[in-house]
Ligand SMILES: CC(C)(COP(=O)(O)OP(=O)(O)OC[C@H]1O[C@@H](n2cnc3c(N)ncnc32)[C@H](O)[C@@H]1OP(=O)(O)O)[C@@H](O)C(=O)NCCC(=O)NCCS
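Heads up, the chain below is alone and in the form predicted on its own; it's given as structure tokens.
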């Protein structure tokens, strides 16, 4: 990975709520190509991810991101989908393409507008019958339900809370810590190192329609918006999503809009350029777990990853595990007997947000930057996946450092 950048992660129905995920993706892609110094003409493959359609152009999202980022028209683009693991899957597929010789340089981009999730109906192509139910529903809300297990994603975290004896107090404490770490990292300027500010601008492509971003009266959006001081006493006052449960709106992942991009290249390309990569993407692992406890997925995925690489858990300096829900992340930590001092040290999705297809790119870039900053050798980025999966990536600091 030569470099990675993202837009700010902005609260649901906020300043980016009217922006197409395609345009957010173009913004992130242009930014990472410019900062990495990689010519768009060097890109051999565009691999993009987006879960929920943010407009009627979703089919074209990967292709438009590549073209408007300046990638040659001859270079193909593909859409990837692994729900919350989509961003990690982008790196996995980029690695496979490079390893097989199909590509030398890949541009990976995750883009997601949670705000623009549609209100949809799938039953009315043949019309509306008199007195029959009208099937329009909130796509995002309905997509959180797993019809196979008959539960929603919050309930899968509640199942883990019961299995691992995780209390509401412990979940709120974890959430409060996530907020505090995110605020501290933002104030220290760490997050700014991976953010490209979003402004109103046009994306020109000779011979084709002009695209762009309009922020209305705002001149710039330059930082994440959800992180704020959140004492345990405040979080404790929030009502649980399910009666008697531990999960609330305050200790679950925030809804945000964002995009993130990275450039992944072969070792030969890096040596020929003489540059210093941000990290080496060493390996990936994906597993399946029971849908009713889907949140435990990172634990077996990380174990498999370590087994494949011949490493021990204690050799990993930093972990970025997506905080889909507080109880879910704590369950993973308990299952692995993970040192919480190594986990999400700059804040997690509870404080910063979880824009589905973007999250894996963000976590991978963040852990790469963090192990460089801390002088450590290895970092792992991981997430659970709705329906019962887990995915994990191992990153290595090319400058060495302690294990």
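Residue numbers count along the first chain shown, from 1. Worth saying up front: this structure is predicted, and the values here are computed from it rather than measured.
Same protein, other form: the form predicted together with the ligand, not shown, and the subject of what follows.
With the ligand left out of view, the stretch that reaches within 4.5 Å of it through heavy atoms in the predicted bound form is, among 89-97, 152-160, 165-173, 72-80, 152-160. Scanning 144, 270, 232, 180 against the ligand in the predicted bound form with a 4.5 Å heavy atom cut-off leaves one residue, 144.
With the partner omitted here, the residue from 246, 316, 253, 330 that has a non-hydrogen atom within 4.5 angstroms of the ligand in the predicted bound form is 253. Under a 4.5 angstroms non-hydrogen atom cutoff, the ligand in the predicted bound form lacks residue 64 among its neighbouring residues. Looking at residue 238, you'd find a heavy atom of it within 4.5 angstroms of the ligand in the predicted bound form. A residue is said to contact a partner when one of its heavy atoms sits within 4.5 Å of a partner heavy atom; residue 137 fails this definition for the ligand in the predicted bound form, lying far away. Residue 84 belongs to the set of residues with a heavy atom inside 4.5 Å of the ligand in the predicted bound form. The candidate spot formed by 190, 352 and 397 lies out of contact with the ligand in the predicted bound form, as no residue has a heavy atom within 4.5 Å of it.
Counting a residue when any of its non-hydrogen atoms is within 4.5 Å of the ligand in the predicted bound form, the hits in 319-351 run 324, 325.
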